[in-house]
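Shown next as structure tokens: one chain only, the form predicted on its own.
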Amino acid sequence: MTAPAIEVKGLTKRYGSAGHGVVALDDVSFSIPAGTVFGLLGPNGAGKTTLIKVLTGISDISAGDATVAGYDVRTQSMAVRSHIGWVAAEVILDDDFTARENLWLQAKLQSLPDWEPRADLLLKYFALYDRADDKVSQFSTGMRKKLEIALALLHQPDVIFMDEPTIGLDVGTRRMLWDIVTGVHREFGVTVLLTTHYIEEADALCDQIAIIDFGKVVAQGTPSELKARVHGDVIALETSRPIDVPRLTAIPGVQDVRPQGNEWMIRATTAEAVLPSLLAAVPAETVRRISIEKPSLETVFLELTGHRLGQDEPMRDIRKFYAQMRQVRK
């Protein structure tokens, strides 16, 4: 049996002293098979970037164990770094250098001998060979992202970490990058750990997904396995005044009713069967909006965490979290 590309057991990251600090990662465990794309899905501030920093040896571990490419993150951090690539959300290219010069600099930083043939292969693969001697400042966003991934692949890593690689990109560039991630994974045989807060991105790219919220992994599995956890549909109902919850829960087929900001989230066996009785139970003049969601990763996340990705309330909690961290570090 092939060893996992990444294995994490009971990983905890705490800022500050035990009992008084802030827990950014709380007893996280998962295993990533070699040669797969693994997605870490969660809102901003959930702990995704912290986890990558821990796994790449940038940040220390408070408790638990982790191995990357077969090397212990605690005791063999330099070996880990020599077997991984990293594509960050922020641009790491030198705009005053050409594409080839950026690859040259990367080779020098990693002490790579005979790097030119590999660089040429990557430039051709990413359709940048004809622009290899142009300054990066002249490149489009998509071309820059391609070059960043080429830099990450130059030393032939076993694992690539992609931390929110499509954040801030337009839809077309994001879709192009999805194709690149899929192609890189297959063409170069690398394992990809992708962090994202885009539901559709995780669904489209990942063989396995772990959903993380407030530092805890609340579920993991294939996209199909996660969707199968949601039995029924979700009806989102926005009204101009509070509704009679007991009356709604008494409707045959309604499994759960919970407030969600200005909406009411109603889980039902099938929306089509419940809607007539639901609309009859709510005064028509109070209904502002109604929508139906079939089982998806969005409904899985809502079911498991009680909120949506990007919802305002969790963002306020995240700001509070970072304020606490700043206090701890003083």
Partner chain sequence: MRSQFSGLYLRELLRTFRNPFVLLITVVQPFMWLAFFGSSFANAPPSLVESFVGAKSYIAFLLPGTLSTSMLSVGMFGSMSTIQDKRFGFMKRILITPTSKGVIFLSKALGSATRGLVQFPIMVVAALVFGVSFQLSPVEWLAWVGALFCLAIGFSSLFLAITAPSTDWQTPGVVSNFITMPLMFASTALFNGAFFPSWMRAISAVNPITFSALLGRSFVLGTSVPWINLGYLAAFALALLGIGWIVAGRWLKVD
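Positions refer to the first chain, counted from 1. Computed from a predicted structure; not experimentally measured.
There is another form of this protein, the form predicted together with the partner chain, and it is not shown here; the text below is about that form.
Asks: Of 124-132, 88-96, 234-242, 67-75, which is the one stretch near the partner chain in the model of the complex, taking non-hydrogen atoms within 4.5 angstroms as near?
Replies: Partner-contacting stretch among the options: 88-96.
Asks: Does any heavy atom of residue 59 come within 4.5 Å of a heavy atom of the partner chain in the model of the complex?
Replies: Answer yes; at least one heavy atom of residue 59 falls within 4.5 Å of the partner chain in the model of the complex.
Asks: Although the partner isn't part of this model, could you tell me whether residue 146 comes within 4.5 Å of the partner chain in the model of the complex, counting any heavy atom of the residue?
Replies: Result no; residue 146 lies far from the partner chain in the model of the complex.
Asks: Looking in the model of the complex, any heavy atom of residue 186 within 4.5 Å of the partner chain?
Replies: No, residue 186 stays farther than 4.5 Å from the partner chain in the model of the complex.
Asks: Does the 4.5 Å heavy atom contact test between residue 101 and the partner chain in the model of the complex come out positive?
Replies: Yes.
Asks: Considering the partner chain in the model of the complex, which of 84, 162, 226, 210 comes within 4.5 Å of it through any heavy atom?
Replies: Of 84, 162, 226, 210, the residue with a heavy atom within 4.5 Å of the partner chain in the model of the complex is 84.
Asks: 180, 214 and 305: each with a heavy atom within 4.5 Å of the partner chain in the model of the complex?
Replies: No, the whole trio is out of contact, none within 4.5 Å by any heavy atom.
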